[in-house]
Ligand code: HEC
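Before any questions on binding or motion, here is one chain by itself as structure tokens, the form predicted on its own.
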Amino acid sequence: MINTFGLACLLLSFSALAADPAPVATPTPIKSGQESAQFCRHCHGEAGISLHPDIPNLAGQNAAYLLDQMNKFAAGKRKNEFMEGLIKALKPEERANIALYFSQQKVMPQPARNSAQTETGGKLYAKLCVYCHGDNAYGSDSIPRLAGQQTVYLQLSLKRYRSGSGERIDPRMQSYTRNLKDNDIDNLAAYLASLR
């Protein structure tokens, strides 16, 4: 079983693996993660591309971020009865392998349907979001990747942050979304969903 120190070591190595998976001599952790992720496919889709517009894609997400979110579900810090039950059934090693597996899957951006909307969303992103989520919306170990995410999921999440009604309350996100109109949120979501 992975102890706290072992999980910390995994978190530190995830960034390097995501940047350059070539040094991984054996596909065992990723293959194990693929096998353990079988139950995730019913909602999050094959290889982490969601089957439902209101459920997030996991493909290409930062491994350390995914592992942290799974651990929060297991500890009851994130509330979702279904997810809590599933994650609690996983061993720490399985969670780490699943996070690594999804982080290595290809992101499938949604084609921009309205170039003016996407352009407006890009300007708003550069003004409000780039500092934390990065130039390409790839996030970090502690901040989620938004590039290529589901449009509807992004819209719902931003509205929950704006109203403070979601399961995750984040003062920074609430302050940045407080003055967004629904149209702004739609523009942001369209822009982010179109990114590779």
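All values reported here derive from a predicted model rather than from experimental measurement. Each residue number is its position in the shown sequence, starting from 1.
We do not show the form predicted in complex with this ligand, though everything after this point is about it.
message: To verify the annotation, which of these, I30, L66, A137, A59, has a non-hydrogen atom within 4.5 Å of this ligand in the model of the complex?
response: Flagged contact: L66.
query: Using 4.5 Å between non-hydrogen atoms, is L100 touching this ligand in the model of the complex?
result: Although this ligand is absent here, L100 would stay clear of it in the model of the complex, with no heavy atoms inside 4.5 Å.
query: Heavy atoms within 4.5 Å of this ligand in the model of the complex: does N80 have any?
result: Yes - in the model of the complex, heavy atoms of N80 and this ligand come within 4.5 Å of each other.
message: Under a 4.5 Å heavy atom criterion, is G48 part of the interface with this ligand in the model of the complex?
response: No.
task: Verify the contact flag for L158: yes if a non-hydrogen atom of it lies within 4.5 Å of a non-hydrogen atom of this ligand in the model of the complex, no if not.
output: L158: contacts this ligand in the model of the complex.
query: Within 4.5 Å of this ligand in the model of the complex, do K123, A147 and V152 each have at least one heavy atom?
result: Answer is no for this spot.
Residues of stretch 165 to 196 in contact with this ligand in the model of the complex (4.5 Å, non-hydrogen atom): R168, D170, R172, M173, Y176, L180, L188, L192, in sequence order.
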